[in-house]
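To begin, one chain is listed below as C-alpha coordinates, in the form predicted on its own.
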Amino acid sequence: MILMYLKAFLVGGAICAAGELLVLRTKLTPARILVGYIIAGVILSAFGLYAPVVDFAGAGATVPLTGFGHALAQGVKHAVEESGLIGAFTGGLSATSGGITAAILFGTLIAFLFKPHAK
(Lines give C-alpha, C1' and ligand atoms only; values in the text may rest on other atoms or scores of the structure.)
Protein backbone atom coordinates (compact mmCIF):
# COMPACT_ATOMS: atom_id res chain seq x y z
CA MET A 1 0.00 0.00 0.00
CA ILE A 2 2.84 2.40 0.77
CA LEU A 3 4.36 1.62 -2.64
CA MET A 4 1.06 2.65 -4.29
CA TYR A 5 1.14 5.99 -2.45
CA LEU A 6 4.79 6.49 -3.37
CA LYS A 7 4.14 5.87 -7.07
CA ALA A 8 1.17 8.25 -7.05
CA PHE A 9 3.21 10.91 -5.26
CA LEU A 10 6.18 10.62 -7.60
CA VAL A 11 4.19 10.65 -10.84
CA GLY A 12 1.77 13.37 -9.72
CA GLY A 13 4.67 15.37 -8.33
CA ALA A 14 6.60 15.06 -11.59
CA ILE A 15 3.59 16.30 -13.57
CA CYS A 16 3.15 19.25 -11.23
CA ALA A 17 6.89 20.00 -11.19
CA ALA A 18 6.86 20.14 -15.00
CA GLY A 19 4.02 22.67 -14.81
CA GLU A 20 5.92 24.75 -12.27
CA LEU A 21 8.99 24.75 -14.51
CA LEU A 22 6.85 25.96 -17.39
CA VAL A 23 5.49 28.78 -15.23
CA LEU A 24 8.94 29.84 -14.05
CA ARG A 25 10.97 29.36 -17.25
CA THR A 26 8.57 30.42 -20.01
CA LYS A 27 6.29 33.34 -20.70
CA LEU A 28 3.27 31.04 -20.94
CA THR A 29 0.35 32.05 -18.77
CA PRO A 30 -0.92 29.52 -16.23
CA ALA A 31 -4.18 29.22 -18.18
CA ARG A 32 -2.30 28.21 -21.34
CA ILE A 33 -0.26 25.68 -19.40
CA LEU A 34 -3.43 24.15 -17.92
CA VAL A 35 -5.05 23.89 -21.35
CA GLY A 36 -1.80 22.39 -22.65
CA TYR A 37 -1.99 19.73 -19.95
CA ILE A 38 -5.54 18.80 -20.96
CA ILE A 39 -4.55 18.60 -24.63
CA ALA A 40 -1.47 16.55 -23.74
CA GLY A 41 -3.68 14.12 -21.81
CA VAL A 42 -6.01 13.75 -24.80
CA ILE A 43 -3.14 13.21 -27.25
CA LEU A 44 -1.28 10.75 -25.01
CA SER A 45 -4.52 8.87 -24.41
CA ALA A 46 -5.31 8.77 -28.14
CA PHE A 47 -1.97 7.09 -28.82
CA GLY A 48 -2.42 4.69 -25.90
CA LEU A 49 0.49 6.14 -23.93
CA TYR A 50 -1.38 7.51 -20.92
CA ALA A 51 -3.31 4.39 -19.87
CA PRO A 52 -0.12 2.61 -18.72
CA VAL A 53 0.78 5.66 -16.63
CA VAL A 54 -2.69 5.56 -15.03
CA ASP A 55 -2.30 1.83 -14.37
CA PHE A 56 1.09 2.45 -12.75
CA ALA A 57 0.38 5.60 -10.71
CA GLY A 58 -3.38 5.59 -10.15
CA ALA A 59 -4.48 8.92 -8.67
CA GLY A 60 -1.03 10.38 -9.33
CA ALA A 61 -1.94 10.32 -13.02
CA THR A 62 -5.71 10.82 -12.93
CA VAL A 63 -5.93 13.82 -10.58
CA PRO A 64 -3.75 16.28 -12.55
CA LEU A 65 -5.26 17.92 -15.63
CA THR A 66 -3.61 15.40 -17.92
CA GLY A 67 -5.90 12.87 -16.27
CA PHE A 68 -8.90 15.07 -17.16
CA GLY A 69 -7.79 15.04 -20.79
CA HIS A 70 -7.37 11.26 -20.59
CA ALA A 71 -10.91 10.92 -19.19
CA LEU A 72 -12.28 13.09 -22.01
CA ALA A 73 -10.56 10.97 -24.65
CA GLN A 74 -11.64 7.68 -23.10
CA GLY A 75 -15.23 8.92 -22.79
CA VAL A 76 -15.31 9.88 -26.46
CA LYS A 77 -13.76 6.56 -27.48
CA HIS A 78 -16.33 4.50 -25.58
CA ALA A 79 -19.27 6.65 -26.69
CA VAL A 80 -18.24 6.43 -30.35
CA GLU A 81 -18.04 2.64 -30.04
CA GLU A 82 -21.55 2.54 -28.56
CA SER A 83 -23.39 5.38 -30.32
CA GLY A 84 -21.41 6.16 -33.44
CA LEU A 85 -20.61 9.70 -34.52
CA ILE A 86 -22.92 11.35 -31.98
CA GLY A 87 -20.68 9.85 -29.27
CA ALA A 88 -17.88 12.16 -30.38
CA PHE A 89 -19.99 15.05 -29.10
CA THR A 90 -21.48 13.47 -25.98
CA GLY A 91 -18.84 11.05 -24.70
CA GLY A 92 -16.37 13.53 -23.25
CA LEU A 93 -18.99 15.38 -21.25
CA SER A 94 -20.60 12.18 -20.03
CA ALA A 95 -17.26 10.84 -18.81
CA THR A 96 -16.26 14.01 -16.98
CA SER A 97 -19.63 15.37 -15.85
CA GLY A 98 -19.00 14.52 -12.19
CA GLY A 99 -15.75 16.49 -12.09
CA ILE A 100 -17.23 19.42 -13.99
CA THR A 101 -20.25 19.52 -11.67
CA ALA A 102 -18.07 19.38 -8.56
CA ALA A 103 -15.87 22.22 -9.85
CA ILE A 104 -18.89 24.44 -10.55
CA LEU A 105 -20.60 23.58 -7.26
CA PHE A 106 -17.59 24.09 -5.03
CA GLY A 107 -16.45 27.18 -6.95
CA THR A 108 -19.86 28.76 -6.46
CA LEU A 109 -19.95 27.77 -2.79
CA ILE A 110 -16.52 29.26 -2.12
CA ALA A 111 -17.45 32.45 -4.02
CA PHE A 112 -20.52 32.88 -1.78
CA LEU A 113 -18.55 32.22 1.41
CA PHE A 114 -15.54 34.43 0.74
CA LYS A 115 -16.93 37.19 -1.55
CA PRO A 116 -14.14 37.43 -4.14
CA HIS A 117 -13.23 40.82 -5.58
CA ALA A 118 -12.29 41.46 -9.19
CA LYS A 119 -8.84 42.95 -9.72
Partner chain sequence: MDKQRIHTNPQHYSWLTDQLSPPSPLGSGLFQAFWVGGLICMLGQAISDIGVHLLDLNARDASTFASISLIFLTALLTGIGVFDKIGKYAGAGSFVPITGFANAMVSPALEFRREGLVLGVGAKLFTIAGPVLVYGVGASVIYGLIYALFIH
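Residue numbers count along the first chain shown, from 1. What you see is a predicted model, and the numbers here were worked out from it, not measured in a lab.
What comes next is about the form predicted in complex with the partner chain, which does not appear here.
Taking the partner from the other structure, the partner chain in the model of the complex has no heavy atom within 4.5 Å of any heavy atom of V53. Proximity of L49 to the partner chain in the model of the complex falls outside the 4.5 Å heavy atom cutoff. Contact annotation for 1-29: residues with any non-hydrogen atom within 4.5 angstroms of the partner chain in the model of the complex are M1, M4, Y5, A8, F9, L10, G12, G13, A14, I15, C16, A17, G19, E20, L21, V23, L24, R25, listed in sequence order.
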